[in-house]
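The form predicted alone is given below as one chain in structure tokens.
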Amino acid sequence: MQFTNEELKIKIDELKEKLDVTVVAHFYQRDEVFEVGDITGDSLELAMKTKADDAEFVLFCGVGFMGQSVKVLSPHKRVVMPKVACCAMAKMIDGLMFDNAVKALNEAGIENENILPITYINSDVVVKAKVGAMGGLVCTSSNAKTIITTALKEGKKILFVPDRCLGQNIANQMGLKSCVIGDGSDLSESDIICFDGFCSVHQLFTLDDIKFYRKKFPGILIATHPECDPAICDASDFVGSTSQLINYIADLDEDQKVAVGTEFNMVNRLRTKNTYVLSSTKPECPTMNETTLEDVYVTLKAIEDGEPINEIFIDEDTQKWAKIALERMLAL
């Protein structure tokens, strides 16, 4: 039997009242899924808020690495996902690829003791664990500059994975030299050595898009996410994480026009007046949009039936080192 979204919302609310569960939804989720979230926010924000929550079950609406982060920081909780959707960027690097990146630095004359790895939170738990075991730590788009500033005090080369754009944008902000493994650069000459990963959604924004909006609306502001290409960020008026973009736009005068370069669902929930999506196409994350209201209902029903589905499990050693990498970040 098919239910309408309104019928599904009623059924979801009934199950939430009955079960010891908290529904968590990322900013990029579909509107109807986002609206049933008890806790909403960005990836690390969600993991931290969930850690303080008392429910036995966390039903996480997002992508796989986010559910893993909740489990790492709250191993006693049972974390289930309506869809274990895969972030394309996180999928670009695995444990073996990380080892090969370290090997590339070794071949450039940089020994392990002179490497400090930093992984963007958009990475698999195995990569986080390998980073933690090498003495490294995790960062988010909002704290990357703080993390890198502190890390550089150790006098080591920074291996930044997996997002080359975030690594290079932070390097540009700080006046540091960066390169991407495989681009032909002498790795030993760079401060920040980036893995060649990226967010496919944030690659959709172009300089032509910026030129179009500046010509169409003189005085418009351009606000972009640091997962965008460095050329896009350099041409922007403001660059910030999801939460920083939300706050920046909320503080603007309502008559100030702004074009925003990040995922469509989030931009669409910002103020309705004078806010535009910085793209000629719809920059919607396909994996974030896999989760439907029906998936949420089915997952809640499975908990009620005593047979939870899509539960996140992490082996003890991976859990240990990934948590260390995350906690090093939180300590800063």
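From 1 onward, residues are counted along the sequence shown. Predicted model only: the values in this text are computed from it and were never measured.
This next part talks about the form predicted together with a small molecule, which is not shown.
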If we define contact as a non-hydrogen atom of the residue within 4.5 angstroms of the partner, is E227 a contact of the small molecule in the predicted complex?
yes
Counting only non-hydrogen atoms and a 4.5 angstroms cut-off, does T291 reach the small molecule in the predicted complex?
no
Is there a heavy atom of Y120 lying 4.5 Å or less from a heavy atom of the small molecule in the predicted complex?
yes
Applying a 4.5 Å heavy atom distance criterion, does H202 contact the small molecule in the predicted complex?
yes
One stretch from 120 to 128, 181 to 189, 72 to 80, 95 to 103 that, in the predicted complex, holds residues within 4.5 Å of the small molecule by heavy atom:
120 to 128
Residues A25, T50 and F60 all lining the small molecule in the predicted complex, heavy atom within 4.5 Å:
no
The small molecule in the predicted complex has a heavy atom of only one listed residue within 4.5 Å, and of Q168, S241, S236, T206 that residue is S241
Could you work out which of L300, V33, M66, L278 is the residue within 4.5 angstroms of the small molecule in the predicted complex, going by heavy atoms?
M66
